[in-house]
Each structure stands twice: as structure tokens, then as C-alpha cells.
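Next come C-alpha cells for two forms of one protein chain, structure 1 first, structure 2 second.
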Structure 1
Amino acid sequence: MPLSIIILAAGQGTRMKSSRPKVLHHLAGKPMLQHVVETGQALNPEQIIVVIGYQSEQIREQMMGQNLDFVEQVEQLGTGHAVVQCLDVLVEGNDILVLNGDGPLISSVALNSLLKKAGNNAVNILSFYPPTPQGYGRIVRQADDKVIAIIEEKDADQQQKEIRECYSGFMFIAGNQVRHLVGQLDNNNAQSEYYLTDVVKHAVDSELNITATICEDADEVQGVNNQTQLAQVENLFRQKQAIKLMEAGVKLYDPDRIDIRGILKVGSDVEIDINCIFIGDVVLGDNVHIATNCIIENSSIGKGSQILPMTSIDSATIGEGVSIGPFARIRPGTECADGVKIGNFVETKKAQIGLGSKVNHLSYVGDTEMGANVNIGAGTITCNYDGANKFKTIIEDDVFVGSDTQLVAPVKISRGSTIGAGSTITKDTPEDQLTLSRSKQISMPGWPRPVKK
């Protein structure tokens, strides 16, 4: 049966103490709602409906371009009320799967299990056993284990509160029963809200079958209502990512001190030291070693390369056998060929650095095409900006640039050139010659050194 997914994302989340809608608070570098949408998309549904309310335009803007249907819940009158708002746009006859926009850890494995075990039942609930059931709706079963009700805690008596099996907030409803069951929802309860959980009661009254599929990993259904819970979910996410990496053979010096905010692909024999952050799409080749306190974003690093401590790499392509850092900043557009060495306190931007070239320390290389076997001395700067426009520096193969040199773009340092230390180069240099520009050195007898007044 075709599937429609409804994601509940209308609440403000007042306990977050933020003007931002709760579902737009970030987990691992992207909104919680985005995690839920991506998990839903993995099920190949015909339709995904997102129920929005508070700051709805922010959510529309953030989630645009993903083939989502948005439905406004102007008044937040409960989860059942939210689903009722979807009936006009719901594809007729589709099964529906209701997800929570603030439940970002739910996996497609758990949801597939829920769908497969739904069978011919009218309703299938994803249930779980939390460490403490306080605050959750309880799953009420008969002696034969058949589900007959979900009782919200505020409506539960003392005996019902002793039940440990709880409702996760994730529910399947068969397409041929959606309008019949949802259409009967009312607000006759302690909160005067329309509970989606009451579809179970109406299914029982209609002598329809209801099942509950137990989620084996209770962490997956943990919701977020405040910053403390968001931090807890973030920690759970990190733990799961660390386990996946170690199962893939990665050596993590401390699994509790790695942060993956995107997709990290790794080869064999990769080592990652503590306090490293990976953002966006990152690829680490075989035998790559990442030292402590590095930030790597949307970049690929070739096999055998070493990234030394305190290094930042953003939107760059790093070849094989490269050494970068410590304290290096590799900015977008940098391409390092095999065997390159980038040392401490070096910054690069839109720089193509050729085979085996070295920029060892205290230099800035921007808007530059650099050939092979180039040596850039300490304190060298490519002066690429005149205050209004950017210009390119070309450094050909086998160039040696002395320390404390300024290369004023646009300029070409020709093959085999040697640039004397302390030079400011404003014109193209000839091949295989020494080029330098210095004022005459003089000494001034009797010159008084300034003294502090």
C-alpha cells in the first residue's frame, strides 16, 4: 500500500527558552526536523506532510526544496488535531505513518519494522520500555496481550501508571481506516486536547485489530523538550556514530570525544585523536591520521596523510602522503597534490599546491597556482587583494622563495627562480635566476635609541 508520512512539527517548544521553533534546533549540525525528514525519505513514501505552526515561515524556508507538503496547525490543540489538519491534503487511501519532529534519533530500521509488522491491522503502535515511564502514555493490554488502549499519564489511574510499556509517539494507521478513526477524535480528557492515541479506543470500539511493535533501542524514540534533553540526544548520536566508526576499523583515542555533524567516510587503518569535529561530507583515505583538536569540513584527505593538532580544513582536496599543521588553516578551494607539506601557522585559500611542494610556516598563500617541488620560506605572503579586486599568483616548478617575501599579484615566479629573503616582488621573474629587491643596508653612527618617556 502507498505510504504517506505525517511529521508533527507545529509546537513552539517553550521549554527550549528560544525564539526558534523547537524542531529547528540543531542536532549534529542540522535541524532535528531534517533528521526526521531524511529518515522518512528512506522509506520511499509517496508523500511527506509536515505539520507546522509556531514560526511556520522559518520552517518552510529551512526545509524548502525537499518535496514536502506543509499544513498549518494554527491552534495547537493536540496531536490528534494536528493529524486532522492533514486530511484535506492526504492522498486518499494511503497508509499513514505519524512521526515526531522532535524525535531525531528514530531509525529507518525501526520504522520499517513497524510497517512490516502492521500486517492487516488497523493500527500499529511503536512502543518501548523507558528507564522510568513517568510522562509517557501507557500501553494497556488484555490478558491475551492484545492492545486495547493508550492512556496518557494525566488520565491514568494508579494501576495504569504502574505499566512500563509506553507509547513512543510513532504510529501506523491503515489507509482504509484513517478517516474513520481520526474523524472520531474528541477532546474529552483532562487536557481538553485531541489525542491521536484515542484512535486505539475507536479501533477497539469498531472491533478492529491493534498491535504494538516494541522498539528494541529505547534511545531511538527519545524526544527533545528542553536544552538538557537536546544535549542528551546529541550525546547519544555521537555514541552511535563512534560505534559505527570503530566497527569499520577506525581507532578512536576516545569515543566520547568525537563530533560528526554530517557524513564521515573512512578507509582502513584510520586514526582519530580526541576533540575532532567533522562537518558535512568528509572522506578519509587509508592510513589517515587526524591529531587532536582538528576541524574538517566538506573535504577529502588522501591515504597516508597526517593532519597535525589544531588544524582547520574547509572545502579542500588533500592528496596522498600530505602533512598539514599544526595550527594550519586550509580554506575553501585549496587543492594539495601528493607529498605536500603545510606547516604551522600557514593559511591557504583558493590555492593549488603542486606535487611535493612545501609551505612550512607563518605564510599566507591565496589565489595561487603553485607547481611541483616549490619551497616557500617563512613569513611569505601572496598579496592577492588590492582593496577592491583579487589577483592570481603563479609559482612554477622548482621555485625557492626566501623568508619574509611579498609576492604582489598579478605576478608569475618562473620555473627555477630563487627569490632572496626580504624581497617584495611586483614583476614576473626570469627562469633559473636569483631575484631580490632590497634597499641598501646602512649603519648610522651616533643614532640615539628611543627611550620610554
Structure 2
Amino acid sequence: MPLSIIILAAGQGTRMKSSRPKVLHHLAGKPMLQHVVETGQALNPEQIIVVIGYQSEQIREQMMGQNLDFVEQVEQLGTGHAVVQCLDVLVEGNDILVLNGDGPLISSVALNSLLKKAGNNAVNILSFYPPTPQGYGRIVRQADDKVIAIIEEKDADQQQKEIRECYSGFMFIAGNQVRHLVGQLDNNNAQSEYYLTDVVKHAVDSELNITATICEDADEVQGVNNQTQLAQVENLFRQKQAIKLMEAGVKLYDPDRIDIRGILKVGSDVEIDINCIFIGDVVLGDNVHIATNCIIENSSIGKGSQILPMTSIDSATIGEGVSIGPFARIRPGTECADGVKIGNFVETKKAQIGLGSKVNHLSYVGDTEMGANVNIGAGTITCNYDGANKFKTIIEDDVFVGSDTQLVAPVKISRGSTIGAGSTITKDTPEDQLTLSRSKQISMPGWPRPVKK
């Protein structure tokens, strides 16, 4: 039977103590809901319905363009009520898989096994054994192990609270039973909510078959209801990523001190020192070494390149055998060719830096096209901005720029030019000549040094 996925995401998440809807809180750099949607998409469902309510506009906006059917649940009267709101848009007869917008670590492997084990049963729930069951619905089984109910914590008696097996928030319901089962939900319980979990009880009453699939990895179904749990989930996510990297052969100096907020692809013999953060899509080629305290976002770094401590690289393309840092800031649009060297306290932005060129100390290079084999002296600034508009600096091959020079754009430093230290260059320079613009050094014999009156 074709599948419709329903993602519950209407609640405010009051326990987060935040004005932002809970499912938009970020895990590894993107909304929790985005993680759940992507996992759902991996199952190739015919339809993904997202139930929204609290600050629904904000959620629609953030989740645009992913072919999702949004359903508004104006009043959040419970998880069962949320599913009832979907019945109008639900493709008739489709099986449904209910996912929790606040359970972002669930894997498509676990969900696939839930679908597979559902067989011909009316309901299959994903259960798990959390380290502490507090707050979760408890799975009640009868003597022959058959599941007969899920009891919410607030409705559980002392004996039921002792049960360790809990409901994960993930449930399969067969297409031919969906309307029959959710149609019977009521709110006669401790929280006066329509609990989706009560479909189990109704399935029992209708003598339908129910199964529970136990999720081996309790971490995957950890729910996020407060900031502590969000931090725990972030931690788990990080640990998993770190293990994957090490399995791929990366040397991590300390797997507890790396953050990956996105997708990090690596070649062989990559080394990453402590406290580095990788954001978005990052690719590290073979033999890349990243030193401590670097932040690398949406960038690729070619084979054999070294990123030295305290370096920030954002939306840049770095070639092979490049050395950057320490303390460098590589901003969007930087493209470094092979063999480039960028040293301490250098900032680059929208800058192409040609083969083997060096910008070693204390410089700003922005809106610049730089050729090969260029040497930029310490403290050189491309003055790209007149307060209103930005202009380009072109530096051709084999240029040598002396220290403390300002290149006032638009300007071209032609092939083979040498610029004398301390110059302010406002006009294009001729090829292969020394150009300098500074007053001659003079000394004044007998000049009286001022004295205090």
C-alpha cells in the first residue's frame, strides 16, 4: 500500500521556554523538523503531511519548496486530534506513518524496519527502553506479550509507571483502519487531550492485531521537550558523526570536541584537531589537516592543504597544497588556487588568488583577481569601497607588493610590477617596473624637538 507520512509539529513546546516553535529549534545547524522531513523523504512516501499550529507561518516559510502538505491544527488538543486534522488531505486508503517533529534523530533504517514488521497488522508502534522512562507513554502488554495499551505518564498508576518499555512517538497504522481507529479517539484522560496513543486500545477493542517493534538504539528516538534534551540530542548527533568520520579513517584528536552542523565529506588521511566546527556542506580532500579552533562553513579544501589554528573559512574554494592561518578569515567568494599561502591576520573576500601566490601577514584582499606567483607584503589593503560602491583590484602574475600599501580600486597592477613599500596606488601600474608613491625621505639637521611648556 502507498504510504503517507504525517509529521506532528503543531505544539509550541512550552517546556523549551522559547517564543520560537519547538520544531524550528536547530539541531546540527538546521531545524529539528528538517531532520525529520529528510528522514521521511528517504522512505519515498507518496505524501508528507506536516501538522502545524503554533506560529505556523514561520514553519511554512522555513520549510518551503519541499513538496509538503501543511495542515493547520488551530487548537492543539493532542496528538490524536492532530492526526484527525489530516484526514481531509490524506490520500484515501494510504497507510500512515506518524513521525514526531520533536524526534529528530530517528533513522530511515529504524522506520523501514517498523514498516516491514507491520506486516498485515493494523497498528505497529515503535517502542524503546529509555534510560529513564519519565515523561514517556508506557507500553502495556498482557501475559502473552501482546500489546494492549499505551498509558501516558500522567494517567499511569504506580504499577504502570514501573514499566520500562516506552512509546517512541513513531507509529504505523494500516490504510484500511486509519479512519476507523482515529475516529474513536476521545479526551477522557488526565490532560483532557486527544491522545493518538489511544488507537492501541481501540484496535484491541476491535480485535485488530497490534505489534510493537523495539528500537534497539534508544538514542534514535530521544524526544526533545526542553533545552537539556536538545543539548543531549545535539551531543548524540555529534558523537554519531564523529564515529562515522573515524570509521572513514579520519584522525580526530578528540571525538568529543568536534561539531558537525551539516555534511562533512572527507578523503583519506584527514586529521582534525580539537574544537573545530563544520557547518553546511564541507569537503576535505586527502591529507588535509585542520588545526585547533577552526570554523569551516560550506567550503571545499583540496588535497594536502593545511588549515592552521583559529581560522575561519566561509563559502570558499581552496585548492591543493594550500596553507591558511593561523588567525585568518576567509570570507565568501574566496578561491585559492593550488600552493597558495595565506598567513596570520589576513582577511579575504570575493578574491581569486592565483597559483602559488602569498598573502602572509596582516592584509585585506577583497573584490580582487590575483594572478600566479604574486607576493603581497604585510599590511597591504585593497581599498575596495568608497563608502557607496565596491570596485575591483586586478593584480597580474609575478607582482610584488611592498608592505603597508594601499591599492585603491578600481586599479590594475600589471604583470611583473613591483610596488614600493608604503605606497598608495590609485592608478594602473605599468608592467615590470617599480612604482611607488611616497614622499622622499628627508632629514632636518638641527630640528628642535618640541618641549613641554
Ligand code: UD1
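C-alpha atoms forming the largest set that superposes within 1.5 Å between two forms make up the rigid core. For numbering, take structure 1's sequence and count from 1. Everything numeric here is computed off the predicted structure, so don't read it as measured data.
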Where is the form predicted in complex with this ligand shown, in structure 1 or in structure 2? 2
Align on the rigid core first; then say whether the Cα of Q142 has moved by at least 2 Å between structure 1 and structure 2. yes
If the rigid core is lined up, how many Å does the C-alpha atom of M444 shift between structure 1 and structure 2? 3.7
